[in-house]
Each structure stands twice: as structure tokens, then as C-alpha cells.
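This document opens with one chain alone, in C-alpha cells, the form predicted on its own.
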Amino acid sequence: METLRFVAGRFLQDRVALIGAVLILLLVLAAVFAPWLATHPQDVSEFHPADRLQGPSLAHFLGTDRMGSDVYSRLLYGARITITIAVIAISVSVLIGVPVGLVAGYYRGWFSELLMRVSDIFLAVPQIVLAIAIAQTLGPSIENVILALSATYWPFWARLVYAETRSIQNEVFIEASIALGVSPLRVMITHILPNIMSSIIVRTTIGMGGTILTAAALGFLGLGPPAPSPEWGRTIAESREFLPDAWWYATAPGLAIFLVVMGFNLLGDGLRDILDPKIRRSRTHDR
């Protein structure tokens, strides 16, 4: 309880982390309350040729797109797609990467080396290139984007957990548990995992931003959810032929992607400063 109170107090004092948390909160609220916040919820998939490419006005806060649909309303529903892809892809990556890293870090021998060499193979290829290749092979859909992102991001958690597990495996409390006959599974779950959880949380938070950016890139290339999906990357791709006249068309989703990714990065940096005792000590010493 004291640790939780300390972390909460540090978090409230960290302006960077607070700004990131506010930006992420706005994304979540936009996704959850999209049907109520949208001024033209029916415009997400309908065609209104008379309202095509109108600029921002009281009727359409962020203007209209090439289909005459309200950009503001589509932006809100696009937040649902963005957060769905990011949360599921990161969750799958964590569920794969953390156990792999724990097992490979705890044990020695050929099996541990095999797990790490497999993760190294995935890490050797740029994530965006591998994600494009997988999405292109499977076809454009939300499910395939999630699969492509999960397949490319899990090695980051595997490598992180592997290194953290190896670093604390020789600690006295770990050796004492092994000497008392505690099973390897229990040692990993009850002793090692709680002590590396802060690193996992920070990596997950920062990974959310990277996942959203990569998902938008796939959508921009036509490998994301098919039309008339309001996915942000696809919206930017559709707006290219109307620039610079219809500037609002690309600006709204582009700014949304920028703010959300920045929010996760700021929150991740703030959590790293709060949860990592080494960084706290070094910064206190510098002051």
C-alpha cells in the first residue's frame, strides 16, 4: 500500500506523465462515447455527395471528406478501431513474449538458446517491413492487422524479460526459494515476475504508441481495415489527392495519431522515471 501511495504521489508530480495520461484518457473517452459525441454518427459509412469536401463549419466541426461524411464523427469512430487494434495486439504480444522470456531466462541449455534465437530472427527484420509482409499476405482486415502486429512485437517483451530474469536470478531470495524446494513455475510467477513487472509496464506503455503508429502505416498502405472503415491511416491515404485544398481532411486524423502516440510515449517515459529506482537515484544525484 505504501509503495502504491508513493508511486501515485510521484505520478501526480510528474507533469510529463500527467500530460500523457490526459491524452490517452481523451482517446479512451472518444472511443467509448463515440455514439454520443459524434454529431453525425450515420456518416461513418454513408455517402452524401451534396456535402462533399466542405470546410470546417458549425455543421461539420472538422469539415467533410470525399464521401461527404463528417470528418469529426469518423475520427471518433476511428478511435475505436485504433484502441481495439493496439490493445489486442499488445496483449497478445505480452502473453507470448513474457512467458518466452521467463522460461528462456530461468533455464539454461539448448531450449533457452532456441527460444532466444527465434526471437532474434524476428528482431533482425525491421518490424514495419515484417508487418507489411504479413498483412499483405493475409489481406486487409482488422484481424490480420492485429495478427501482423502481434507477430512482430512479441520478441521485444521476450528479450526484455529474458534480460531482467537473468539479472535477478542470482539474487539471495531467488536462491533461497530454490533451496527450499519451491517449483520453478512458482519461482518465476511469485518471485521473478513481480520484480520485473515495472519494466514490463513501461515497455507495454511505450509499445502501445509504436503499435498505433504501425497500424496507421498499414492502413495508409491499404493493408488495414477495408473501406468504408474510418481508420485513421486509411483516412490520410484517401485525403492525399485533395491536398492542399481540403487540408482539414488529412490534418484531423494526422493530428490525432500524433497526439495519441505522443501521449503513450510521454506516459511511458514518466512511468520509467517513477518505477525504475536506478533512474530515480541518478536524477536525484544529478540535482
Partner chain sequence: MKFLVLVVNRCLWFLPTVLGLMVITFTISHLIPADPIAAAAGENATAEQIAALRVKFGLDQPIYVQLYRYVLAVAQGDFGISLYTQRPIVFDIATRLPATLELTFVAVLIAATLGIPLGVLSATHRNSPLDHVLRVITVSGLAIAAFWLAILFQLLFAMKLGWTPLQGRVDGWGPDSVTGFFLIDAVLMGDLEILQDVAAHMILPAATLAFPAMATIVRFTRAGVLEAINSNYVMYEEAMGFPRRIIVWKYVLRNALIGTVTQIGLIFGILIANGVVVEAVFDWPGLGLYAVSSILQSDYNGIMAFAIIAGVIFIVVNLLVDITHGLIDPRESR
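What you see is a predicted model, and the numbers here were worked out from it, not measured in a lab. Positions refer to the first chain, counted from 1.
Quick note: we don't show the form predicted in complex with the partner chain, though the next part is all about it.
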Is residue 184 close enough to the partner chain in the model of the complex to count, meaning some heavy atom within 4.5 Å? no
Does the partner chain come within 4.5 Å of any heavy atom of residue 61 in the model of the complex? no
4.5 Å heavy atom contact, residue 54 and the partner chain in the model of the complex: no
At 4.5 Å between heavy atoms, is residue 221 in contact with the partner chain in the model of the complex? yes
Counting only non-hydrogen atoms, the one stretch of 159-167, 89-97, 103-111, 126-134 within 4.5 angstroms of the partner chain in the model of the complex is 126-134
Residue within 4.5 Å of the partner chain in the model of the complex by heavy atom, from 176, 201, 121, 189, is 121
If we test each of 196, 142, 83, 217 for a heavy atom within 4.5 Å of the partner chain in the model of the complex, the one that passes is 217
Site check 16, 236 and 251: each within 4.5 Å of the partner chain in the model of the complex by heavy atom: yes
Determine the residues of 240-262 with a heavy atom within 4.5 Å of the partner chain in the model of the complex and present them in sequence order; the list may be empty. 240, 243, 244, 247, 250, 251, 254, 255, 257, 258, 261, 262
